[in-house]
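Taking the form predicted on its own, here's one chain by itself in structure tokens.
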């Protein structure tokens, strides 16, 4: 039982990081109606920017984290301006955009493999101090992961309550209305990609600090983010958090009963269950036929 409690505590910490990933992916998917496959590559790229700033630049972790977030946000903005916007302007189908995004992700992954190799990169550090809470022991890095990710997620949800960000959430439902109201659609689209990429950099830096990362990790983290959004319900942002914590806790249970090798299966199984039995998600909205 103590092992289960420890794994569940680890799952809650992972859930906080998965929640940020889901928020970033969900913002793009809901607002732009783009299945942003390259999101996973952006996640890994921001982690390696952080790695370079700490190991080669000698920056303190907090400053390197801010630098990684800014760099990732800039990359996301450039992706929209130079990649997704030309597709949107030419009215290219969403399926073609998905394939193009996959190609972009593969290209970025291969470039990073050439630069950093295929081995796991980790930041040298000593043993992390731990805190014992009954039968549960958490390292200081895990506590920082939970606190930072929860704080950032709370700040993002406060931003989403502002009038300008309500427009962002409404873009996916009625893009023409944004332009009718006199707002710049390209600017708002770049805002979404930049914000989403910056958000993804936060858990990326924390994972790199804790266990390191390899350049091929992007697809697995993309899957987690996508499943969390689809499981929670695309229409409801709070559902993304529920989906993220559900994936994390289920992975912990799988580790307890089986092996860590099976954690990837959890995301696939949850995705299939949602698509087959509850397509609108756990807290999604039911739509009338004329709204579909």
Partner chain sequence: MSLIEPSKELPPQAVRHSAQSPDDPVPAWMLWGLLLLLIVLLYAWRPTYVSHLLVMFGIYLLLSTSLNLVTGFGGLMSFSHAAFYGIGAYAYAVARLQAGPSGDQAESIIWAAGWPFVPAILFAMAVGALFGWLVSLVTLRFRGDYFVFATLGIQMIIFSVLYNWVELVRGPYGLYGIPRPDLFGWSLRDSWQYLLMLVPVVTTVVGALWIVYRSEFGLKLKAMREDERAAMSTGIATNRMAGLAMTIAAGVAALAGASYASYVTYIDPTSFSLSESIFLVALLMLGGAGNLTGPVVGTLIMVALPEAMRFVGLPDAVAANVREIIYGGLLAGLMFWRPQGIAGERFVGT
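Numbering follows the first chain given and starts at 1. None of the values given here were measured: they were computed from a predicted structure.
The form predicted together with the partner chain is left out here; the points below concern that form.
The partner chain is not drawn, but in the predicted complex it has a heavy atom within 4.5 Å of residue 96. For the chain shown alone, residue 125 is not a contact residue for the partner chain in the predicted complex, no non-hydrogen atom being within 4.5 angstroms.
Contact check for residue 51: every heavy atom lies farther than 4.5 Å from the partner chain in the predicted complex. For residue 86, a non-hydrogen atom is located within 4.5 Å of the partner chain in the predicted complex, even though that partner is not displayed. Comment: 256-264 is the region of 41-49, 55-63, 242-250, 256-264 lying near the partner chain in the predicted complex, near meaning a non-hydrogen atom within 4.5 Å. Checked against the partner chain in the predicted complex, the residues 120, 219, 136, 144 give one hit for a heavy atom within 4.5 Å, which is 219. Out of the listed residues 81, 92, 159, 74, 92 is the one that sits within 4.5 Å of the partner chain in the predicted complex by at least one heavy atom. Along 214-243, these residues reach a heavy atom to within 4.5 Å of the partner chain in the predicted complex: 219, 223, 226, 227, 230, 234.
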